[in-house]
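To begin, one chain is listed below as structure tokens, in the form predicted alone.
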């Protein structure tokens, strides 16, 4: 186990290093000059030079890279060009909103997707299974921005039963009123972001359960006199959930970055919306910090997923 953890930590650090390096050079290849957005015609040349020196933009590109990596190792992500505040502080103010949205999505996926997948597997070949399969195929194929705008049109503009965007209605409410408003505002972005993930969870759970039900140990369980519900609950479910857990675990990490479109459409103040705003503002330090958080999220969720899968299937030896 300790060897496995050390290997995964090494791979994780290497993945993060490569991601940070690529992002650093890619954002600087954008065909725009962030300095042009920060200066004003009233500034003197001395003020402009001071501003560029403050953000290290007067240094050669490789010098900027090594200075950035040095500061990053010390826990400093730099200063935001747009907000003129530390990037770490800026990102931490947005991260809880993205985590809240992802928690809502995972709740939907686990509570709805897994039971539907198990039900479809138990009804294999019947009308209900075929209907579920058709809906799942549509869910996997759907274009998320289209679904987001469709939900907005139906529930916000036509029926007027849910808010159009944001996390709450200004001014900032307090206490239970804040909880109530956030719960209302999160419904549409959570549904939009969960459609594809929900469909994947249903599909993987269904197919995996069908495969498991044909295993020899399942036939042995039936031969011992166990009824179908007991066989599924005690013997089949744990193994059937292995592919589903793997997919869900990887999706959580990917969704930290994949939520950009959803958060932008619904004006949800998370990391995804932060990335969109930073691209428009050519805010290099904030973009680099946001992508760093995404890389870390993918690495952490990959590690946790491996541990959960090993717990579900004792045949997997993490130390090997």
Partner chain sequence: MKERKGFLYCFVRNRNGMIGFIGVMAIVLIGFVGPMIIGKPSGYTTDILLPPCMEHPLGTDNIGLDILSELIWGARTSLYVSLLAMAISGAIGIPLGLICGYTRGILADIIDAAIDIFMTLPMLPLMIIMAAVMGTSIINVALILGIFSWPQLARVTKNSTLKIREMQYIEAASCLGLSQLRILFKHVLLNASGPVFVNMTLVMASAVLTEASLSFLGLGDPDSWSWGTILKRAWQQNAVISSPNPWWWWLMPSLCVVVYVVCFNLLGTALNDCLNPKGRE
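Residue numbers count along the first chain shown, from 1. The model shown is predicted, which means the values in this text are computed figures rather than measured ones.
Although it is not shown, the form predicted together with the partner chain is what the next lines describe.
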item	value
Interface segment, criterion being heavy atoms within 4.5 Å of the partner chain in the predicted bound form, picked from 150-158, 67-75, 96-104, 114-122	150-158
The partner chain in the predicted bound form: contacted by all of 126, 217 and 309, heavy atom 4.5 Å	no
In the predicted bound form, the residue from 142, 242, 108, 187 that sits within 4.5 Å of the partner chain by heavy atoms	142
The partner chain contact at residue 18 in the predicted bound form, heavy atom, 4.5 Å	yes
Proximity of residue 169 to the partner chain in the predicted bound form, heavy atoms at 4.5 Å	no
The partner chain contact at residue 138 in the predicted bound form, heavy atom, 4.5 Å	yes
The partner chain contact in the predicted bound form: residue 61, any heavy atom under 4.5 Å	no
Members of 12-26 lying within 4.5 angstroms of the partner chain, judged by heavy atom, in the predicted bound form	14, 15, 18, 19, 22, 23, 26
